[in-house]
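Below you will find one chain, with nothing else, as structure tokens; this is the form predicted alone, and questions on how it binds or moves follow later.
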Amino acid sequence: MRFEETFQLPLQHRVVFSSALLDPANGALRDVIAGSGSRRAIAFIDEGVERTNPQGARALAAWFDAQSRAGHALPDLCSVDVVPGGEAAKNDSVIVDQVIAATERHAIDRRSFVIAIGGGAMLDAVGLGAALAHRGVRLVRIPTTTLAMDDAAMGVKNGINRFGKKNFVGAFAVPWAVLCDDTYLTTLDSRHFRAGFSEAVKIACLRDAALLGQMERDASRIAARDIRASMPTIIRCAQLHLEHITRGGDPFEVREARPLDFGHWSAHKLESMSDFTVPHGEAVSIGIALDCAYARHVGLLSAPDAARITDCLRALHLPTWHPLLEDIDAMTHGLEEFREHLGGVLTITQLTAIGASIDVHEMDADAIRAAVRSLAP
């Protein structure tokens, strides 16, 4: 006897863009955690945010106090812990274990909240801890970098690195809410501010040719960290990622294709080969350039389109080359690791034009070598 049913869950993905989120007059955070049946909350803040940003641990505690004095019924904020940020946050299970331990220590139940304020890597690690505790505690992500706002925080994935492999351990979990505050971006250094725009170039190449044109026009202002020029691109990029996830884009990756990982097979390998000294956003930029050069070499993408994309990356002051690319054997091994991560069949998204793509199931090592040579300075 056999029983088989197909079912769906009514999931909601809330994303809010705001400014000065922890100003007592700003109710964006209050709106997503009030009236939810929650009694408690715990928070984790990226140490980089705490070091450089006035909207850190004290500001969060002060915001909760101000809401309480104003008569708003909110969860009790039980603790605010500062944790490492950057890729180091994902290279072991320390933060994951810290979140789980705090969940137990403060009697955080499944209707209580874990609030994570930081960059994408830190959000990944805290998110995994929240996903594992009680099989899922409500997670509020407050991304503080361009890369987190336009990409990482929009996803439903949480993970850490193991065995030198990117995101080897992880879980799928839809966040309770994502609250993006442009104030945090003003405290980033230029390198980390620009790095997030590689994901905007990526999704523009896949889904929105007009967005690529907008970035080409605004590249100098974005590279100079002009918030007025940058925020429309960040918001549009976030919207496109969210639409992909919620409108039939296979958010839990049951299928093998991962179109939004265009440029990522080599990016992930480059990160691990560099012992994660190459930031994810920069690795993605290099990966996009490599895949465009490959697609041009095998006749999928026109030379003018490939040049447009590479020129846009460079105009944004993003890299398109790294000496580690010359280790072709190691790089192509990244294809096998990517295949394993996908679930069995290698599926790589390749552009056929700006705004159009296909999936391929094999890549030619000689063509990869030629693509690498074409990018070398």
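Note that residue numbering begins at 1 and tracks the sequence as displayed. Values in this document were obtained by computation on a predicted structure and should not be read as measured data.
Quick note: we don't show the form predicted in complex with a small molecule, though the next part is all about it.
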(message) Counting heavy atoms only and using a 4.5 Å cut-off, do G86, A152 and K157 all touch the small molecule in the predicted complex?
(response) yes
(request) Could you work out which of R236, H192, H134, R162 is the residue within 4.5 angstroms of the small molecule in the predicted complex, going by heavy atoms? (result) H192
(message) Give me the residue from L313, L60, I33, V49 that has a heavy atom within 4.5 Å of the small molecule in the predicted complex.
(response) V49
(request) Work out which of the listed stretches, 302-310, 214-222, 95-103, 141-149, brings a heavy atom within 4.5 angstroms of the small molecule in the predicted complex. (result) 141-149
(message) Using a 4.5 angstroms cut-off on non-hydrogen atoms, would K166 count as touching the small molecule in the predicted complex?
(response) yes
(message) When the contact criterion is heavy atoms within 4.5 Å, does T187 count as touching the small molecule in the predicted complex?
(response) yes
(message) I'd like to check something about A121: if you look in the predicted complex, is any of its heavy atoms closer than or equal to 4.5 Å to a heavy atom of the small molecule?
(response) yes
(message) Considering non-hydrogen atoms and a 4.5 Å limit, does the small molecule approach E199 in the predicted complex?
(response) yes
